[in-house]
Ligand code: AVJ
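Only one chain is given next, in structure tokens, and it is the form predicted on its own.
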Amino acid sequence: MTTTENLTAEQVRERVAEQLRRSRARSTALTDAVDEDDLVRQHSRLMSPLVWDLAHIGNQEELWLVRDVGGRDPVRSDIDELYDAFQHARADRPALPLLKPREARTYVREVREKVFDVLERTPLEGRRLVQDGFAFGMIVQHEQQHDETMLATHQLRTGTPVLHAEDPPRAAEPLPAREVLVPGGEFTMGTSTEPWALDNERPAHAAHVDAFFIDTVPVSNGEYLAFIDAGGYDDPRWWSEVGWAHRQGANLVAPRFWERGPAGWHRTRFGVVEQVPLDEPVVHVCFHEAQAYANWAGKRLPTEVEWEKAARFDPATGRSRRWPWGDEDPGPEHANLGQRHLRPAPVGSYPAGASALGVRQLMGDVWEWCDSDLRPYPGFAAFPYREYSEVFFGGDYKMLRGGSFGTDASAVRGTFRNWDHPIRRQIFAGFRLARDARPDEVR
């Protein structure tokens, strides 16, 4: 997402309108791909019915843009409670009197029509909520986040494949190094200037890390398979106490959607059963699995601070970049984002997207587990509502950074912070490894 700084109000409106249309096209494609039975069915107790996500997208848009920013009368105030994510657990939502698919589509269309009128009439300055189009950008990101959630629901559904996309490009050259030294010292973490950055990314602040090594690419399926073959799931030495208890209780034996057959390991990907591709980043593993693999490999997971320094720090200038490759928006040469492909690209892909230090695939492909809890930055202030971040601080959450192949560029950046429970596997999450640098390795 191009920054809206230094743009005229009309240019900001054009950019907002473009992003709103793009996000809605994706929501429409994800919900039009299935019939009404699939829309209202709960494909997993971990997820909402697709029709709930669709109407929730419209309800959040109505609450913030139609009513708050626009000061307009409600479109459907009678459904607010049904689509309040804090009022009803996902497992309980199918029992609610939800809008039927046709009603939901009509509702989101009516809301969007009003939103475009609000966009045309609202001065994008003076009030923090609308400065540089922030409220509109917040809603764009919200819709794209739910689009990725709906994509995860598609992965959980059974039946004939309904989503299709071309494969990502293959890695064209060997890696220059397996791991990269990240120098110790301070760098600027977070942001105070990115116009659409959310509250937990703020403010920019100095953060210190000791020198460490981080892997150039994420852990691959082939590497993870070696852990399985070595009995990693059966050896408590590699697992934390809570991780081992979960591995036993949930009977984990491999990444989710993997199955062992006579011809080896296969996985199901959006309804397609295929041999596990050894050169792709492993995906659908929980934090505990990632941590166990790291212990087995003699390394560890990076902390969130380490991950961001590896992604953003430019040793030549001493500044932090917006994206690993620089400040320009991501293009198809930089990263596997936006559901252009329905799988991660092979490890080593996207050399043009490498960070200044030479770390690849930090954006897109798979979310990366970090060994850090969700905590506020120094000087954090909730905005525009506590429920986006603040209510989750101190809970049972581990950090995820970088986005996946299902994450849109408008909903991720070098400072973006994601989090989830450490047992979650339905998300498009993988990991890469890090290790402390020895004194003789630090230049």
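From 1 onward, residues are counted along the sequence shown. Just so it is clear, the model here is predicted, and its values are computed rather than measured.
Unshown form predicted in complex with this ligand; subsequent notes refer to it.
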Handout entry: Close approach of T122 to this ligand in the model of the complex, 4.5 Å, heavy atom
Key = no
Exercise for the section: State yes or no: in the model of the complex, is some non-hydrogen atom of S410 no more than 4.5 angstroms from a non-hydrogen atom of this ligand? Expected result: no
Exercise for the section: Give a yes/no on whether F428 approaches this ligand to within 4.5 Å in the model of the complex, heavy atoms considered. Expected result: no
Exercise for the section: Check whether S240 has any heavy atom within 4.5 Å of a heavy atom of this ligand in the model of the complex, and answer yes or no. Expected result: no
Exercise for the section: With this ligand left out here, work out from 351-359, 108-116, 139-147, 73-81 which stretch has heavy atoms within 4.5 Å of it in the model of the complex. Expected result: 139-147
Fill in the blank from the handout: Students should find that, of N59, T31, T415, N418, the residue having a non-hydrogen atom no more than 4.5 angstroms from this ligand in the model of the complex is N418
Handout entry: Residue (of Y377, Y388, W64, F393) lying close to this ligand in the model of the complex, criterion heavy atoms within 4.5 Å
Key = Y388
